[in-house]
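First, one chain by itself: the form predicted on its own, in structure tokens.
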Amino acid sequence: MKKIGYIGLGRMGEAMARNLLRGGFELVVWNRTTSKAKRLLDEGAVWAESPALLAAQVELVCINVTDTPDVEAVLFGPDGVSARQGSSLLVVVDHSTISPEATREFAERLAKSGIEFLDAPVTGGDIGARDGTLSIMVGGDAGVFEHCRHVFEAVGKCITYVGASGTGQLCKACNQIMGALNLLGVCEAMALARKGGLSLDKMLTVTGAGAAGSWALENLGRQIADGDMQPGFMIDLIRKDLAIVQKEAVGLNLPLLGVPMVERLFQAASDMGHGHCGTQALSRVVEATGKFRFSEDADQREA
């Protein structure tokens, strides 16, 4: 399997597609906004005029788009992947974060067209996408997963087959619960330190080396302290993911306590105008309620 198609060239998709090129794969790309493909085309990728034409040229299609309706359109629209010409073996790998229920439905619909489907959402942020160190959780047929393992190894470091179709997305939902609530804990701990006159730098150093250490603390804590709200993963995207979590929990008759609370706080951050900022902009809500700023020069930087 050497020729791969890639659909969705946003911040994550472009970086992952580039790692496939660097891994020696031939790459055919499509994106709704053509200009976003320019850098990859300059590096050797080939453009396709539609998802269907892309799928007709390759053995495997990777998808990395925003939400469940976007994946459905790419797969089943008039020029979607399922409308490809030909009957050769095709595997679709969806790296998007979407509904587990919809994922199972998509897999069944694609199977009728002779197309295999793996749900393979990722975690590790834009840094992991750039460095090829993503964690990838894969649902679908185990044999198909093994057939595609070398492709996953070009973009990720921790690659785990988690079960049947939809379980990759369910695992990602679990990841988003922990990531969101952990970030809230980081923000509130930093607020206590700041209001109490404790050095944020020293607090982050000592807690990061102990039991409270986490990816959010190490990476986003420093950005919060510096007033840096540049997006690695946007507020509006985590809101979308938490809505997926809540819908799945309702279907399982599982009351969740922390998720509705943190979802409302991310909504508040979006309402304050931070929807396209990184998830660390959750700190802006904590600042507003506590009437302080983490970074003394944040206002000047933002101006």
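What you are looking at is a predicted structure, and each value in this text was computed from that prediction instead of being measured. Whichever C-alpha set is largest while still superposing within 1.5 Å between the two forms counts as the rigid core. Start at 1 with the first residue shown and count on from there.
Omitted here: the form predicted together with a further copy of the same chain. The next part is about that form.
So which of 245, 40, 63, 54 gets a non-hydrogen atom within 4.5 Å of a further copy of the same chain in the predicted complex? Here the answer is residue option 245.
Interface residue in the predicted complex among 222, 109, 195, 150, criterion: non-hydrogen atom within 4.5 angstroms of a further copy of the same chain: For this set of options, the contacting one is 195.
Q) Counting only heavy atoms and a 4.5 Å cutoff, which of 109-117, 168-176, 71-79, 222-230 contacts a further copy of the same chain in the predicted complex? A) One stretch meets the cut-off, namely 168-176.
Test of understanding: in the predicted complex, would residue 131 fall inside 4.5 Å of a further copy of the same chain by heavy atoms?
No, no contact at 4.5 Å.
Taking heavy atoms and a 4.5 Å cut-off, does residue 212 contact a further copy of the same chain in the predicted complex?
Because a heavy atom of residue 212 falls inside 4.5 Å of a further copy of the same chain in the predicted complex, the answer is yes.
Is residue 188 close enough to touch a further copy of the same chain in the predicted complex, meaning at least one heavy atom pair within 4.5 Å?
Taking the distances in the predicted complex, the answer for residue 188 is yes, it comes within 4.5 Å of a further copy of the same chain.
Would you check, heavy atoms only and a 4.5 Å threshold, whether residue 137 touches a further copy of the same chain in the predicted complex? Result yes; residue 137 sits at the interface with a further copy of the same chain in the predicted complex.
Please say whether, between the shown form and the other one, the C-alpha of residue 109 moves by 2 Å or more once the core is aligned.
Not so; residue 109 is displaced by less than 2 Å.
Shift of residue 213 between the shown form and the other one at or above 2 Å (CA, core fit) = Passes the 2 Å threshold, so yes.
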